[in-house]
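Taking the form predicted alone, here's one chain by itself in structure tokens.
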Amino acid sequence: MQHEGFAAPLALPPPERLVLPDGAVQVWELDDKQVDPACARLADTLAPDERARALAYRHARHCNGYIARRGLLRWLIGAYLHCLPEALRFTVSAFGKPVLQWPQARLAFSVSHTDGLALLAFARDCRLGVDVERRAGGPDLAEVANVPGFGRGIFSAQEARVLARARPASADAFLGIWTRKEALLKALGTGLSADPTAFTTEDDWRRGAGHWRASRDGIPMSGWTCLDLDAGAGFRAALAASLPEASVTWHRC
């Protein structure tokens, strides 16, 4: 995976230079250091309902984080589609996922955030999902996996066996499977409203380290690019795109 960085806080390329080729996935990183600059530069692009949602947060850091993520999402989509970011209109799917209502385009996008980091992924003509979680110490997550709402009802039997064998590194194994499953279900558009146990994610060593594959009810899901993303030592992240052999690049604001 190619990494492309921008040194200055919120240094974004000119919109006319931002190109998203077919068969490519671009992942953008927004960390806490860029939140305030993003708010200052992009807050005016938000729609009234987005501003109201931001103000509904009790804590300023959560409010600013939402403004930064939504503003960057608007800026990037506007650049990819050659239109003003404030002109974009969004709706929400039945599963709570933001959907671009205007302009209608072949652009797929997915956003995920955790404490300290947000990832925004973009591609064309595909289904796309990204997920990021912060690593943290805690209890044996092989045991937590059996707690309703944490793991039970989420992992397939094969994934549960992998997790059980992972002790004492079960926390990292848990987050690895969790982010993969979340990315896949986001790409499918269902989130956890589908039966997550019907899907299995596993390492795909034939394609190299960091690659994984998915199956549904034991049937391989072909034509997908599934990757663990290197989001830094403090995070686990994963990407799923219904594109075969997609080119994935990483961009830092």
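In this text, residue numbers run from 1 along the sequence as written. Predicted model, so just to flag it, every value in this text is computed and none were measured.
Separately, the form predicted together with a small molecule exists; it is not shown, and the next lines address it.
Partner contact region in the model of the complex: 127-135, out of 160-168, 100-108, 80-88, 127-135, criterion any non-hydrogen atom within 4.5 Å of the small molecule. In the model of the complex, at least one heavy atom of R53 sits within 4.5 Å of a heavy atom of the small molecule. Among heavy atoms of W224, none comes within 4.5 Å of the small molecule in the model of the complex.
At a distance threshold of 4.5 angstroms between non-hydrogen atoms, G189 is in contact with the small molecule in the model of the complex. Though the partner is left out of this view, S112 does reach within 4.5 Å of the small molecule in the model of the complex, counting heavy atoms only. Contact annotation: of the candidates W28, Y66, F199, W212, the single residue with a non-hydrogen atom within 4.5 angstroms of the small molecule in the model of the complex is Y66. Contact check at 4.5 Å (heavy atoms) against the small molecule in the model of the complex: all three of R70, G96 and S193 pass.
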